[in-house]
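The chain that follows stands alone, in the form predicted on its own, written as structure tokens.
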Amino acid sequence: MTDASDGATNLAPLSVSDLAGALKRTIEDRFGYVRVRGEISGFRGPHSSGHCYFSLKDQNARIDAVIWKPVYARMKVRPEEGVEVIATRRITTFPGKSAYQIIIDQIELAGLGALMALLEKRRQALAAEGLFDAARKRPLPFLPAVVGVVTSPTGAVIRDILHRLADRFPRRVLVWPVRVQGEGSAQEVAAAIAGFNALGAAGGPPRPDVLIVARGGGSLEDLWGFNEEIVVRAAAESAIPLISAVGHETDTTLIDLAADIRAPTPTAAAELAVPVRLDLLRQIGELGARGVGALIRLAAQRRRERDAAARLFDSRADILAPRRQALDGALDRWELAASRDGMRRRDRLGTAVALLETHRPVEELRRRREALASLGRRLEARAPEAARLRERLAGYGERLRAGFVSATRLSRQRRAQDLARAGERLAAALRGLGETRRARLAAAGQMLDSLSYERVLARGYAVVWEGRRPLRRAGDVRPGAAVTLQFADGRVAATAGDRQGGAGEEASRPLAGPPPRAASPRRPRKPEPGPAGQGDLF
């Protein structure tokens, strides 16, 4: 019989590459076109190469997924983390990792619930950035000169807006045509908002004062372009006040939350953008009539007030009479005061003349000059005596200065002598202290030397070491152990033998030892000297 294992050797072996290629062809033939439903996991945005790598998973399994760069660029629905989608295309293998994966060409959201979950997740993320804050919203201009409209040029929305603007208040309208549904609509709307904000250069179209982003009603999928993040950010970053008019009154998109104001319909957006011209003209007429009536009533009131004030005033003669009487009284008082002041001045002048005649200041001045000259002569007579006094004072000063100098010099000499004596005492004290310390150190050295075990070795003893451990008893020695004998002049290696000794001998008795030393005769004690002049009693 032939072993079955021998037949296996007739099968031609396959290389790893051949086997991987066969598996790849088999799987691609069997699963060339599939639609897989699952939740996106591990998505972190396009790779640096532009490709996207992530996984699709459900509660029981997981499969790797790839979107190539050209496919990702034209996708209507972009993959996002945690969103349930339906992916379409083929299953293939990756031989480099022995793994299978799905190559995706199209992604669809898995039902309306997935759309609403994605919309709510995006709304929360943008709200956390503050794009929907009320503080960012600006008021609309009262009467814009130019109105910018972002919408489809072929729909009914633009006709409704233009018709409503013409009825209320004709304004200049700039239309930026865009697609409001389908692939690329979000990018076109965002580019239109940014383009309107960039207008205003010299020679170009004027920059609008207000923007209207409008679209008719539709399903959630039809209005999805206005929920894209790029559109919401463009609306929030617009420097021009923006009105959102997307869908019907019940439709709500994310651009409505980022806009400065939301209009329920495109027609309502036109009504919010401009006022009614006829209403303004009527208000202006009413205000003009009210102003003219107010001026007429004010003029009449001023005339009545003037007449009433005129009746309250007296005649010119009645007004001037009290003033004239007061002036006459003031003139009389002035004349009386002037006559009294003249009399006082005449009295003072007579008193001064009498004083001059009595005292005769010329003679008084002559007497003062004679006294001053006599005093000068007396001072000149005393000048030699003053010179002698100055000389005596100078001598006193020289003696005082010399005495101060000699006293200062004597004080310095005494201080120097005291300092020298103190230095000598300090040096003597330091020398005494040094001698005392040296004596104590010498005594300690002698005591240390006397207590050292090396002095014991010098008397003929030895220390037994086992390694670095000293052996103090015979019981500590192990038979056959290598020991070292330390003498006073060096060490000797030895091997321990068996311990010897009788029953009546101590276990710690050494094998051999030096003979006992003979007792040295004790020297007679020298009597201590007694006090001087006293003999020894013994």
Partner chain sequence: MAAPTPVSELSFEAAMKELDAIVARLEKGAVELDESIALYERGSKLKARCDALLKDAEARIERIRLGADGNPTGTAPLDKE
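Please read these numbers as outputs of a predicted model, since none were measured by experiment. Numbering follows the first chain given and starts at 1.
Not on display, but discussed next: the form predicted in complex with its partner chain.
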Query raised in the report: Taking heavy atoms only, is G184 within 4.5 angstroms of its partner chain in the model of the complex?
Result: no
Query raised in the report: Wondering, does R164 line up within 4.5 Å of its partner chain in the model of the complex on heavy atoms?
Result: no
Requested in this report: Please run the contact check for A294 against its partner chain in the model of the complex: heavy atoms, 4.5 angstroms, yes or no?
Outcome: yes
Query - Contact of F142 with its partner chain in the model of the complex (heavy atom, 4.5 Å) - result: yes
Requested in this report: Could you work out which of G432, G342, G96, G285 is the residue within 4.5 angstroms of its partner chain in the model of the complex, going by heavy atoms?
Outcome: G285
Query raised in the report: Tell me, which of I230, L272, L220, V173 has a heavy atom within 4.5 angstroms of its partner chain in the model of the complex?
Result: V173
Report task. Could you tell me if all three of F169, P177 and F196 have a heavy atom no more than 4.5 Å from its partner chain in the model of the complex? Result -> yes
Report summary line: Testing 446 to 454, 411 to 419, 383 to 391, 150 to 158 against its partner chain in the model of the complex with a 4.5 Å heavy atom criterion leaves exactly one stretch, namely 150 to 158
